[in-house]
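Okay, here we've got a single chain as structure tokens, the form predicted on its own, with questions on binding and movement later.
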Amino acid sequence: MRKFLIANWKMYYGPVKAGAWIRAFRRERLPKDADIAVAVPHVSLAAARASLGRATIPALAAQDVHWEKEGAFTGEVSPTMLQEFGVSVCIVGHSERRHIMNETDEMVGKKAVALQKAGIIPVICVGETDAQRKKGQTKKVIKDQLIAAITDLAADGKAPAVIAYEPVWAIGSGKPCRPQDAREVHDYIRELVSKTWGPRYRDETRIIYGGSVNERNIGEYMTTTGIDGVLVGGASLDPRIFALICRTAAPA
């Protein structure tokens, strides 16, 4: 299965820096047998698209979306708006959206469905907090978040969902989840996918990991069975570092 590698800039890089990042990244040696995307702030989509030109690597991704096509939703961006920029991937349910912006599992599910209908791949983030982990609630949290997000999705849709396991306690902490622990959660996610969509999709669905991934630990995750790629935050702000991560994750 082709690796799925996503850079998530979060709230960094306006149009000027976004264009410079794209141009620098395209000069790097990149793996051909991987799907690479860069999730930029909405205000930088136009600049990133202009710098990409006709290039398809990296694919242009968004960091969030609203589920309605249009309407009185001040400050929101719809799937059809993202289509106009050539966005092909969009993150939904990131822990920062859930815990800072108070997004619910139901909202994440509606966003994922809207994206898939628009032909945009939804990258659905799930993950537990440190308090939930210490209480032994990891599987319950993952199940509640995931089932709400994928129940109404088409398993074989034209934009098949990607699931990102991002333990909240590891994001930005410098303390990534141990690869063997991440593998256990990935295996559990595959069980849930199989029960929801059918056994065929257990191994066909790409499940990636995110949470303090960097150029030093990427090798460990990629040699862990069941991890199909990574969602990279802070380490992706440097195009050279993210390119190195991509080469390590998907060597030629």
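Residue numbers here begin at 1 and follow the sequence given. This structure is a prediction, so every number in the text was calculated from the model and none was measured.
Not pictured, yet referred to below: the form predicted together with 1,3-dihydroxyacetonephosphate.
Which residue, I171, L153, I121, A148, is the contact with 1,3-dihydroxyacetonephosphate in the model of the complex, using a 4.5 Å heavy atom cutoff? Checking each option against 1,3-dihydroxyacetonephosphate in the model of the complex, the one that comes within 4.5 Å is I171.
One residue of S44, T205, S212, S51 in contact with 1,3-dihydroxyacetonephosphate, assessed in the model of the complex (non-hydrogen atom, 4.5 angstroms): So the residue touching 1,3-dihydroxyacetonephosphate in the model of the complex, by this definition, is S212.
For the interface check, one of 162-170, 79-87, 102-110, 131-139 should have non-hydrogen atoms within 4.5 Å of 1,3-dihydroxyacetonephosphate in the model of the complex; which one? One stretch meets the cut-off, namely 162-170.
Mark K17 yes when one of its heavy atoms lies within 4.5 Å of a heavy atom of 1,3-dihydroxyacetonephosphate in the model of the complex, and no otherwise. Judged by the heavy-atom cut-off of 4.5 Å, K17 is well away from 1,3-dihydroxyacetonephosphate in the model of the complex.
Using 4.5 Å between non-hydrogen atoms, is E96 touching 1,3-dihydroxyacetonephosphate in the model of the complex? Yes.
Counting only non-hydrogen atoms and a 4.5 angstroms cut-off, does P239 reach 1,3-dihydroxyacetonephosphate in the model of the complex? P239: no contact with 1,3-dihydroxyacetonephosphate in the model of the complex.
Could you list which residues of 1-39 come within 4.5 Å of 1,3-dihydroxyacetonephosphate in the model of the complex, counting heavy atoms only? Residues within 4.5 Å: N8, K10.
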